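Have a look below at one chain only, the form predicted on its own, in structure tokens format.
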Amino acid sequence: MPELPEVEVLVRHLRPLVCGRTIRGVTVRRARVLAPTSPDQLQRSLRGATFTGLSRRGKYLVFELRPPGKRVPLILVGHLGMTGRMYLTPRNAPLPKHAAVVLNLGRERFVYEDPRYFGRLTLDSRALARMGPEPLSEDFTSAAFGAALTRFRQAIKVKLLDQALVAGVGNIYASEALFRARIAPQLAARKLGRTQVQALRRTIREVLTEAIRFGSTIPLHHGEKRSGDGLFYFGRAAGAADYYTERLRVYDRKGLPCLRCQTPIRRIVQAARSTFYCPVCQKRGANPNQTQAKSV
């Protein structure tokens, strides 16, 4: 599933392409992705509206539009789910089989494609208000993070996936941040010591920032035939570096040697999600006040 870095890269890619463009028509091919918005409501609200901004909140794309003759902006919220893609394509290009929503922008069309239809493109923005602080913002402080964690008995890896705790952190980068902070994923959230909280806050920001930086260097081949590289919307040009495997230090590396100590990486299941970790570098019984976080 796309996580914060992938969504941020997509937002940066789409922003200059859509801002200033006016929606001339709206075609809904899969009404379920709009819920609770109805197709008629979406069409009436968006027709004639102009894109004025695009930002990210957690894993959501937040489109700001100006409806004709109105001063109050309209917010359109997008979520890629597991397999969603959003891109612009020439007006006469054939639509993909799983195009869920298509916006006519004149010479081009904005396409939201989603084979599994787990994502959303809706006028309902209530989910944004329930989210925790952005991990790359100044609001995400060690003090506030630590105070929040003391309330939970859940394993820290599981709790990091709670969007009300911190927005946008998903399964992949939770494992990566815990590895860099040398924290066992099974450790109860409330048992993290002050040093561990500080280290985890820092490594969360590190892995997300690094992922955005690497992702921003990869060409996006939207609307073209999938490259088969398994990256939900990234296409990779011939000869381009396989940044995905180079960047991840524990995720999806079961049985491979730890990059620090050479111990085989283990995989466990937590809350129905795969967790990857090093049993030596991330010992569950480590003293929380002596844990040191060193990157490799």
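Because the structure is predicted, anything quoted here is derived from the model rather than measured. Heads up: residue numbers just count along the shown sequence, starting at 1.
This next part talks about the form predicted together with the DNA, which is not shown.
- With the DNA left out of view, the stretch that reaches within 4.5 Å of it through heavy atoms in the predicted complex is, among 177-185, 163-171, 206-214, 191-199, 163-171.
- Residues R21, P73 and G106 are none of them found to lie within 4.5 Å of the DNA in the predicted complex, as judged by heavy atom distances.
- Put simply, F51 is far from the DNA in the predicted complex: not one heavy atom of it is within 4.5 Å.
- The DNA is not drawn, but in the predicted complex it has a heavy atom within 4.5 Å of M82.
- Although the partner is absent from this view, R44 stays clear of the DNA in the predicted complex, with no non-hydrogen atom inside 4.5 angstroms.
- Contact annotation: R30 falls within 4.5 Å of the DNA in the predicted complex, judged by heavy atom distances.
- Residue R130 is the only member of 128-150 with a non-hydrogen atom no more than 4.5 angstroms from the DNA in the predicted complex.
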